[in-house]
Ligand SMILES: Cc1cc2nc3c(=O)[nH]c(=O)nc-3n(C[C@H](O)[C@H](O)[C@H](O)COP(=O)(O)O)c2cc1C
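The chain that follows stands alone, in the form predicted on its own, written as structure tokens.
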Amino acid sequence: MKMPKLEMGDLVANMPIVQGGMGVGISMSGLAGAVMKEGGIGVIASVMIGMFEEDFFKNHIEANIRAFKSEIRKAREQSDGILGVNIMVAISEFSNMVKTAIDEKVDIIFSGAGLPLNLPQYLTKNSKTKLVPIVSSGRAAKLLIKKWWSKYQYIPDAFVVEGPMAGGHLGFKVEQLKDEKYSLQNLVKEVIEAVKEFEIKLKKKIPIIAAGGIFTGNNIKEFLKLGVSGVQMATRFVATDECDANIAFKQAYVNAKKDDTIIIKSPVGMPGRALKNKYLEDVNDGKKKPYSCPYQCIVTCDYKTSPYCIASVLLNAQKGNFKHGYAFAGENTYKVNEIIPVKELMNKLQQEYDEQ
């Protein structure tokens, strides 16, 4: 049985799969374009996207905008499928990145790492870009709908509900990560319930997309049965030929064992899930020293007391330099056992969906 399509207003994806936006430099035009081509929603992560521009250190705002435009256009050249971008609320260049995405007519802006309370204010009269907040509770979903409707007469075009098994920065307290109350299944039910009254009142469908720990086609089927319209997957897309990270980054996923994913305290003030390595061991042993902040990229980062620069270490990892960095990764990373083309991965997910 073919997976159902994912409908978001007038946008229709042939597969109900959103490729998660992974910074720094993990999901750019290479990965996003390949996913678009196979009928999923490809997503470019905007954070630190100008890192390979020659003038990045001197002129990082202009470099980020220039690179963001370039990556969006490169993805469009590969496919006429659905293109999304991920713009974190916590980045200092949030406003510039949102304006750029809307100017470039991207199909969807996904926005989390904080509540995007003012996101609709950037829409122009003729813009068709959909706005999709990433939330971790029904309360957050309700708050956003009420705020957007009262201030902008606009409601979210969908919600991504991200659970505690995701990789990278997590919107939970450490003690909540293993609490069944915060399982993705329970959060999805909570958000579906929270948006129901608004769907009836405003006569508009608000699709829910489940994210965090979804790994197989059978997982996709399980969540669709709960009432979601689609799923977001990130970890599995790292181990693809088209992923924009260095081969050493992808290989770290293939080599990971079950106990290699650990929860760390990130300099941005949130817990994060990453692959343990010597660099993180040194951080825990207090061997890293405070530094000067070259980017001011994350609003919530307390760089004066932090033992390292999160942007620098993630950039090093993206390049395969794990001596000076580490990789963010989802809880199911240990299940990755090979690097394959995106096309093959999408076919596998469909086969797994059919098997159960």
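The first residue of the sequence shown is number 1, and the count goes up from there. In this text, all values refer to a predicted model and were calculated from it rather than measured experimentally.
What comes next is about the form predicted together with this ligand, which is not displayed.
- Contact with this ligand in the predicted bound form, defined as a heavy atom within 4.5 Å, holds for exactly one of Ala234, Val191, Ile220, Ala101, namely Ala234.
- Out of the listed residues Ala141, Leu187, Ala166, Ala75, Ala166 is the one that sits within 4.5 Å of this ligand in the predicted bound form by at least one heavy atom.
- Residue heavy atoms within 4.5 Å of this ligand in the predicted bound form occur in exactly one stretch of 142 to 150, 201 to 209, 125 to 133, 86 to 94, and that stretch is 86 to 94.
- Not displayed here, this ligand is kept clear of Phe68 by more than 4.5 Å at the level of heavy atoms in the predicted bound form.
- The closest heavy atom approach of Phe249 to this ligand in the predicted bound form falls within 4.5 Å.
- Among heavy atoms of Gly330, some come within 4.5 Å of this ligand in the predicted bound form.
- A residue is said to contact a partner when one of its heavy atoms sits within 4.5 Å of a partner heavy atom; Ile17 fails this definition for this ligand in the predicted bound form, lying far away.
- Highlighted residues Gly39, Pro341 and Tyr353: none comes within 4.5 Å of this ligand in the predicted bound form, counting any heavy atom.
- Using a 4.5 Å cut-off on any heavy atom, the residues of 9 to 23 that reach this ligand in the predicted bound form are, in sequence order, Gly20, Gly21, Met22, Gly23.
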